[in-house]
Structures are given as structure tokens and as C-alpha cells.
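First, one chain by itself in C-alpha cells, the form predicted alone.
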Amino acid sequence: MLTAIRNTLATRIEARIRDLYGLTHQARPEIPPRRDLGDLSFPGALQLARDVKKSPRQIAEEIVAGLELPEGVREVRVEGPGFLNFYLDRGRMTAALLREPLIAVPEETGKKTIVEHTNINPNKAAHIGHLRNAVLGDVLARLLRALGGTVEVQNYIDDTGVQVADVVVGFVDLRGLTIDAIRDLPEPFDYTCWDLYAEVGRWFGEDTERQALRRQTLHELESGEGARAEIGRLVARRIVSRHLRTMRRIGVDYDLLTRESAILQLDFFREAFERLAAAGAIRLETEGKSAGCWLMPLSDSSEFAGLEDPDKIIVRSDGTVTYVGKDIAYQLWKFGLLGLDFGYRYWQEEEIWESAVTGVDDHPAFGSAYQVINVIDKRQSYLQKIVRAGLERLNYPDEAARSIHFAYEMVALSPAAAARLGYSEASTDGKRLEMSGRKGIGVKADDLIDQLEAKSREEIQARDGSLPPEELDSRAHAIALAALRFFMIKTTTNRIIAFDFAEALSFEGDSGPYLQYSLVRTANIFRRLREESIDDEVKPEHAAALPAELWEDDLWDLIFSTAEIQERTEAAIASLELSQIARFALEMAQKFNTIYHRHPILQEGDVERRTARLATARIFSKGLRTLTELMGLPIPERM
């Protein structure tokens, strides 16, 4: 409703300005910083004064003189030097918020957005940094869907890359295991590979000639033939199964797993390579350190100016394809520009589709997106620019512009969290522990989730030691999940975050459990009203008919905040700054918990006053539940 009012006001103000002065002026009213300045404000008269040659206040009064107010706007006042301040009908707005959805879904556009996220190399266990990627990607998809978008979530499986090759070398050449022995290794298999990956890195370092084994393995993985390729498929499949289990624990799922091996075996890259070569976008280097490699020359692009070595290798001299080369082919397929398609089949027992060389006939339509958002950490910004450059040089400038990199900074651990997980040293700055999979330094995602659930159990048992184990586990999981997901969302994406158990699990302050607690508190109010045979619902028409003086400013401020949810959601998507949703949810919870004691509901004897307060609590609960659903935070019945 708020969005509709603002849009209608903008249209009518702009029409008045054209009629009065013959000028075109963008006139969408703003939300002022203080409630006493109105609910919406238009400062444009101050900007028009120079062109119109009149005082801002006179201009404002002339605009108002013939302005028809939309439904829901109580009055407009010309205030200060020439502001148009609009005041909404509080009862009417409250009734609309009780009655209507908080996010109005627009008509279907038919334009699909592909959100690619998680993308963990299938060579070892998922770590805490992967959790941030997965949560950000999942929340982005939730927001897009809430606003009516068609969204396809993909998880790219790099099953032919260097990382998988190194684990294969570790099993075959370092430990001397057969494929049957690898198949028989117990779970958690991804933990075994975590240690092996670090071990084989040290083994390569002891004798650089051993890296020939990596190159041999890479060739077999890319061709899909040979014993090493078979082991690579086994390793990748077992690891991905573990990754999917981990992501289910935090409420993340996917529509499609796209496997890099299928991109190669179905000649996606060959098609992309031939097009790039025909367009002159790549060249074969004949001399120097890159002799024998196919390069994409980028030195002529201002975007890559200043780089010491701006030309990017697409195909190595040994014939293996770099990550960015395969990703250009993948991006072309995402937009439906390649002219080729995968086969599709279900992933093992999961209800998730995977790309394959051959598949079933009956499957959803994948790919062919209007927009592609790749959720990849900030360190991959250079490679994402090259992918866009590849599309531009193939004469797809519009698709290149709609290839969006959702970048974010890494996750580290606070010194206290590092100590809790068994690490005795923080990084040299003394503020956080930074991780390295190659060195085996890091925090496995499942270990972190286990620790959060254990900490949640401690908190719950300290409050209620009589809970049955099943109920205790359910609550502990819900609180741990909210703590983790909110922690990954609340920090701006341009900041490295240091995860801290005490901060994430706090029932006060800026935490997921604090939001859960706020909603459980409202649910308790409604339950106690029912226990006392008092109707805990508010009919919209009753709210609209209440006297204006009952809508006190602090109650109205919380109601008005709830009305902003759609615009806040749209802003978070437009900026790719999902922390806006988290901070907004906190603001709402803090406002409610402030007025909770000032405006008691259960003890209020005046029916109309209680109704106004109950309506406020109902709207707050509706709004915060909307936001927690967007963030994927479960709400337990009790804390």
C-alpha cells in the first residue's frame, strides 16, 4: 500500500508541475527522518525555484492548490521553506496492512533469473566461508521470488578441476589406494579428503616434478577416460553428497547441479572456443612464457588497464582448459546463447536435478535466463570481469551487462571462536583467524553447526531443564540455524566477518535468536489473550474505525515501518546488499520491544485502546515473520 501511495503521489505531483510550469521533474516523495515531518515529504519546490523564478514556498502552495490526494492520505501541509509533507490516515493504513500481503507480487514478466551459488570444489568438506556464500545466495533467491521473480538456483560442481585432481593424486600416488578401497572408506569422507588435500599439497612442495601427476590426472578428468577419471567421479560424487547434506542442515537447496565434466564432454567449451577464435577474441601465443597457450588479450580494455599481465590464458599449452574458459561457455549456456543443452537426471536419491551427458526426456526447462547473478567471493572479481568480456567480444553486450557478480568478503574466526574449535593461534593482527584449505587450516561447516547446536542446547537447558530430548534438539537446531544465517547476512558484503559464538547466540542485541525471541513474545501475548477468552484477532474494519488519538506516534512508527517492507526488499535486491534486510528486521524488533512495556495489551481494560495495541502487535508479527522467512530463519513456538 505504501508503494502504491508514493507512486500515485509522484504521478500527480509531476502532472501538476507540468501543468503549472511546463517542466518535467521526478517527484517521488521521500520518507522524512522524523515522524513530526510527516509520513512522506516532497522537497522538490526548493529545486524548482531557480527555473520557475518563484520562492519555494509559493511553488509548494501552487502545487498543493490543485493536488488530488490519493486514498489513504489524510492531509498535506506546506511546511518550512517549501516542503510538501503528507500525513497518512493511520487507521486506514493499519486496516490495509492487516488485510493485504506486505509484499505485492507484480504480474509475471516471464524473465528468469539464474542465481548460481555455493560452488564448493568437490575435493573436501565445506567450510565456514562456503556457508556465507550459500546463505547469501539462498536469501537473494528468496527475495527475488517474494517479489514475483522466476528464479532458478544452480550449484556449479567443478569436478574436473585442479583441486579434485590433487585429491585423486593423493589417493592413488601418495596413499596407493585402489578405487575399491576409496569406495570403502567410511564417512565422513569429506573430512578424510580435507586432510589428504593438505597433505598432497605439502607432498608436491617437496618435489615439484610430482606435479606431472597432477597434469596427467587433469587430462584424464577432462577427457572422462581412464582409471583416474573414474576415481575422480567417485570422489566428486561422494563429496557432493556430503555437501548437500551440510547445506540441508542450514535450509539451503538447489534446482540444478551443473557439472563441469558435462560442459566438457558435451563440447560446450569447444563450441565457445570456436566462436571466440572466429571473433578474434582469443589468439594462440607462439612465444614467451605463454607459448602454446590460447589467450584472451585484454590490454586494450580500460577495465583491465594497469594490470602487469592483462592477457588471460583460456587454454593452457598442455591442452587443458582454465576455469574461466569453461565459465564463459557456461555463461553462454545460462543465457541460452550456446545452441547446445545438457541431458538431465535426478541426483541420486535427492529431488535435485543434475546436468549429464544423457538424461531423461521429462525434465524442467533449465537455462535461457534473462539475468544471471553469480554469487562468488570478491577474490574472483577479475575472473568474473573476464567472463563478461568474453560475452562482449562475442557481440552479446546486453547479456554481458546482465551478468552480475554478487561479490562478498571472506569469513574468518574471532580469537574466542578459534579457541573453542581447537585453534590456539589467531592471525598476525590478533583479531581473527584466517583460513587456508591448501594448508589444512580452517573450520569445517558441519563442525561449526554442531558447535552452534551444542551451545544452543546449553542456553535452552539453563532456562528449562525439563524438556524431552526431541523437543530440546528441535529448539536447539532452530536457534542455531537462525544464529548462523543471520550472522552471515547482517554484515555488509564488503567487510570480512569474524564469526563469534557468543555474539551469534546472544538472545539480546543484533542476532537471529533476538528476532526469534521477539516473535515468540508476540505469540505468547496472543496465546494468553485466548486463554483469558479475549479475541486475539483484529478485524481490519475495526482498526479503521478507531479514534485517531489511539494511534500514538510510537505505535504508528512501528506500523509505518512494517509498511516499508516491500520497498526495503526491492532496495536490498537493487544494491545486492542483503544486510539491509537484517538491519531492518532488527530495527523493527527493537521498536516493538521498546513499546511492549509502554503499551501493555493484556492489562489494558479499555477495549478500543487494547484493540489499537493488539493491531500494532499483529502487524509487527506479520512484518517480522515476513522478514525472517526472507532470511530463512525458523521461528520456534517457544524459546
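Just so it is clear, the model here is predicted, and its values are computed rather than measured. One-based numbering along the sequence shown. Each form is matched to the other, and the largest set of C-alpha atoms that superpose within 1.5 Å is called the rigid core.
Here the subject shifts to the form predicted together with the RNA, a form of this protein not shown in this document.
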TL;DR on 321-329, 139-147, 168-176, 99-107: the one with heavy atoms within 4.5 Å of the RNA in the predicted bound form is 321-329
Fill in: Whether 508, 521 and 599 all lie within 4.5 angstroms of the RNA in the predicted bound form by heavy atom
yes
Answer key, the RNA contact in the predicted bound form at 4.5 Å (heavy atoms) among 517, 551, 204, 191: the residue is 517
From 380, 216, 451, 241: within 4.5 Å of the RNA in the predicted bound form by heavy atoms is 380
Could you confirm whether residue 442 comes within 4.5 Å of the RNA in the predicted bound form, counting heavy atoms only? no
Taking heavy atoms only, is residue 1 within 4.5 angstroms of the RNA in the predicted bound form? no
Inset, instruction - Please run the contact check for residue 593 against the RNA in the predicted bound form: heavy atoms, 4.5 angstroms, yes or no? - result: yes
Mark residue 611 yes when one of its heavy atoms lies within 4.5 Å of a heavy atom of the RNA in the predicted bound form, and no otherwise. no
Contact check, 28-62 vs the RNA in the predicted bound form, heavy atom within 4.5 Å, ordered by sequence, gives 30, 32, 33, 34, 37, 41, 43, 46, 47, 50
Is it true that residue 54 shifts between the shown form and the other one by 2 Å or more at the Cα, once the core is aligned? yes
- prompt: Comparing between the shown form and the other one on the rigid core, is the C-alpha shift at residue 575 2 Å or larger?
  reply: no
Quiz item: Core aligned, does the CA of residue 412 move at least 2 Å between the shown form and the other one?
Solution: yes
